[in-house]
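First, one chain by itself: the form predicted on its own, in structure tokens.
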Amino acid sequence: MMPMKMTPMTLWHREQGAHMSAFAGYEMPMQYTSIRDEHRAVRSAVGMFDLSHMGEVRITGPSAKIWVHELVTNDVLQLTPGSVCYTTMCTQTGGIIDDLLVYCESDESMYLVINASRTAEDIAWMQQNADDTIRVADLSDETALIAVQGPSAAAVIGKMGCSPSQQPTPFHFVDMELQGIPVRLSRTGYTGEDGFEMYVPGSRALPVWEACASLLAEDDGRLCGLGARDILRLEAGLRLYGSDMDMTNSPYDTGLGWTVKLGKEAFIGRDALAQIHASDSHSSFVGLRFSGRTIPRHGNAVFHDNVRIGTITSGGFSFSLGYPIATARVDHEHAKLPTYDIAIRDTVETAERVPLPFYRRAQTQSKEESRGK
């Protein structure tokens, strides 16, 4: 068995008494105090996460931007230097290899942020599809990622040395120095709140983390683990690779059809995705609200009239709303039912279909502004 990897902050997390667990090959903090308290801090004030398990890849070459445009489903050509988009990357048959963020550095340099559990597979796929003019550089092991999320995130980043006028707008980034250390500051996140993600050289990440951690208490903030992050992203209707999607699903099966720009002349999987879209043969992705206290989980069966019509993809208790919630993939013809029956352990619970996202912060957001890694 391979030993678990450590982030630059792993020893610090242990010293602070964080509950550590294996995740995507890394030893990661699941929680510091309680998932509920950490969740509430992000919704009401600010929380900070170590996300250094995520993968980072730089694509360079004379046609790097065009190449990435043809690699993924979304429109990358509309990006300008300093802007970001969310997209999926698919196989020739339309299955999702990963969902990711694309950062435009220039026409010759693109920066991709990919899921920790998919890093090796993603990079192998990119290399397989690259020609001699394209260089695929894996920066994952040398890059740390720190997320600051919540209504007070901008205030904390301001105290770190980035004034409001310097802070990027949603789905944009700036390269700058914070605490004398080079940082890529991106206004993205995975919680449904305003927030930032900081990409820092791994060898210099700990001082940035410690400086930011020392400021949290001034804004009623908390250190947060991946447990709180998971329920935050579920409330915001954000997808998780391996739970809500995998290579057997197309973006249309996962409610991500909006990331597929069929008007593009060519990209990997375009013909298959066009056929899926035209045939309307895909599954539907729905939100569910539960009235009891039983918690739905990934893999629970969804029924209608005693016939299985789908599967729960993600589930948990919403601290923001006060009841259990879940997302499910159901047969297209059953997408508009008002209720569904869910088999949870030895019981059957009735769930009401509700719109996604379950939670939306007060400021109006576009789909792109509410999604990040």
Partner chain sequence: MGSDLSNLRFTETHEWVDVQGETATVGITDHAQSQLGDVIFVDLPKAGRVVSAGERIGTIESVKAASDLYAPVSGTILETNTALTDAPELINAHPYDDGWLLRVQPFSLPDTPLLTHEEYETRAQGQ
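Positions refer to the first chain, counted from 1. Computed from a predicted model, the values in this text were never measured in an experiment.
Just so it is clear, the following notes concern the form predicted together with the partner chain, a form of the same protein that is not shown.
Per the 4.5 Å heavy atom criterion, the partner chain in the predicted bound form is contacted by stretch 340 to 348, the sole one of 327 to 335, 340 to 348, 52 to 60, 65 to 73. Contact check for residue 360: every heavy atom lies farther than 4.5 Å from the partner chain in the predicted bound form. Among residues of the shown chain, residue 36 is one whose heavy atoms approach the partner chain to within 4.5 Å in the predicted bound form. Looking at residue 294, you'd find a heavy atom of it within 4.5 angstroms of the partner chain in the predicted bound form. Contact annotation for residue 319: at least one heavy atom lies within 4.5 Å of the partner chain in the predicted bound form.
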